[in-house]
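The data below hold one chain only, encoded as structure tokens and taken in the form predicted on its own.
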Amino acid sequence: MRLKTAIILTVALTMAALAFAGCGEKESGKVTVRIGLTAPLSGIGAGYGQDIKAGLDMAIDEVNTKGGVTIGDTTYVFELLASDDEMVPESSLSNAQNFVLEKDIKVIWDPTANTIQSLMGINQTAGEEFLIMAYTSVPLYAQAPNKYMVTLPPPFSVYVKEWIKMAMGKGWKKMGMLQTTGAYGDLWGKTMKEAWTKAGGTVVAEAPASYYTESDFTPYLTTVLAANPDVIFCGGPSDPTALVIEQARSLGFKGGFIVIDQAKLDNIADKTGMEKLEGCIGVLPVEQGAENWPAMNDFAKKYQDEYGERVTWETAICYTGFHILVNAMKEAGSVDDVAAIRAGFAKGNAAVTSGEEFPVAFSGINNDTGALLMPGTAVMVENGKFVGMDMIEWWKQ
């Protein structure tokens, strides 16, 4: 009888352990939910990936410090498992498969279009579903609809018309192109080229380069500058974008820059100085977002105190996005039912955040595409200052 009892007890304990496998170990009456992150955490794009990670770390720490989240009779806390992919699709795919098959993770954050595309090929597989939290302004949902994907920042297309208007208002007609390569940069380049020429401008040179592998952009700039452009369309992660701008100025370029949304002008200014950014067009610096969303001030200070540097949109958006994810789980009544969690984003006010409480104000979600509704911003450097334009509520256009 003792042997039979022992066998029954062992089976029961094994089944209980399996029941919690996807959520990690149960500690102090709380169940740990693991969230995956695959991102460039080393190499020239490391700063970009680390900014994403910082936003998630801050949000998770805040939720856990407040006691976690209770759904039904269970209280959950969260843990981030981050893996470096150096923005290589094969590495991202391997990371995701490890998260899903070995760690039973149901939610994976990914911040680059190149690698998100590889995840979109597997995240709807029956029995292995996972939710992609996509930090990319490339509207991948328009190319390949995915029922288990949520996109955080606004699509880059919202900036094109306004940026071209600002540039041509300066009398710039000839544009040279030196944006990053890959799915994100290629689509940005195609879109900008078509819009620029349609608006009456001319593309005089094209020399795209990998902002994740190059550290000397002189050969590309030589090609572009030989065509005598009025403005250079450039950008990728902030650090290499700063190199492009600095090297262009050192080669004598006096014109303007249109800087794609991944790069942040305030971070670039820290490296180049504002003088070299004169005539730059791009995304509003994150801390100036406090003019519309007051909570940004406290968030930026907290980040500065903890990390010793200026906060970025990646950090602020992913921090807010994680809180939205938690809201969706509450609406779903589950931390591991992928279909229910995705549906939860569109229930109640799960995807609505106030700028009084969070550093970024979201107005909901497009339930058909999975795109969260965050307004776009545009800015130009004039006389050494960032001059911002009105917020673009693109979903109303």
Partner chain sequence: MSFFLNQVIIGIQLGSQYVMVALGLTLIFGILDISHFAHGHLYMIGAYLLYMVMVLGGVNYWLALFICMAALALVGMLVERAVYRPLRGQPQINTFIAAIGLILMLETLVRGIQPKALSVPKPIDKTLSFGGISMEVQRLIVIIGAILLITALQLFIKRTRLGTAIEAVAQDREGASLVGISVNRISALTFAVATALAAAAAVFMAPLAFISPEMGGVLILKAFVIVVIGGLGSIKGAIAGGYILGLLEALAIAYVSSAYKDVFAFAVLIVILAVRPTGLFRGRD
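Positions refer to the first chain, counted from 1. Think of the rigid core as the biggest set of C-alphas that the two forms share within 1.5 Å after superposition. Everything numeric here is computed off the predicted structure, so don't read it as measured data.
What comes next is about the form predicted in complex with its partner chain, which is not displayed.
Is Gln288 one of the residues lying within 4.5 Å of its partner chain in the predicted complex, judged by heavy atom distances? The answer is no: Gln288 has no heavy atom within 4.5 Å of its partner chain.
Is Ile44 part of the interface with its partner chain in the predicted complex - any heavy atom within 4.5 Å? Contact with its partner chain, yes.
In the predicted complex, is there a heavy atom of its partner chain that lies within 4.5 Å of any heavy atom of Glu275, even though the partner is absent here? Answer no; every heavy atom of Glu275 is more than 4.5 Å from its partner chain in the predicted complex.
Counting only non-hydrogen atoms and a 4.5 angstroms cut-off, does Asp298 reach its partner chain in the predicted complex? Outside the cut-off, so no.
Of Thr222, Gln143, Thr75, Gln124, which residue is found within 4.5 angstroms of its partner chain in the predicted complex when only non-hydrogen atoms are counted? Partner contact (heavy atom, 4.5 Å) among the options: Thr222.
Does its partner chain, in the predicted complex, lie within 4.5 angstroms of each residue among Ser157, Gly282 and Asn292, using heavy atoms as the measure? None of them does, since no heavy atom lies within 4.5 Å of the partner.
Pick from 245-253, 165-173, 319-327, 195-203: which stretch has non-hydrogen atoms within 4.5 Å of its partner chain in the predicted complex? Flagged stretch: 245-253.
Would you give me the residues of 76-106 that have any heavy atom within 4.5 Å of its partner chain in the predicted complex, in order from first to last? Residue within 4.5 Å: Glu86 only.
Answer yes if the Cα of Gly252 shifts by 2 angstroms or more between the shown form and the other one on a rigid-core superposition, and no otherwise. Yes: Gly252 shifts by at least 2 Å between the shown form and the other one.
Yes/no, Ala183 Cα shift of 2 Å or more between the shown form and the other one with rigid core fixed: Yes, the C-alpha position differs by at least 2 Å between the shown form and the other one.
Does Glu162 shift between the shown form and the other one by 2 angstroms or more at the C-alpha, the core having been superposed? Result for Glu162: no, shift under 2 Å.
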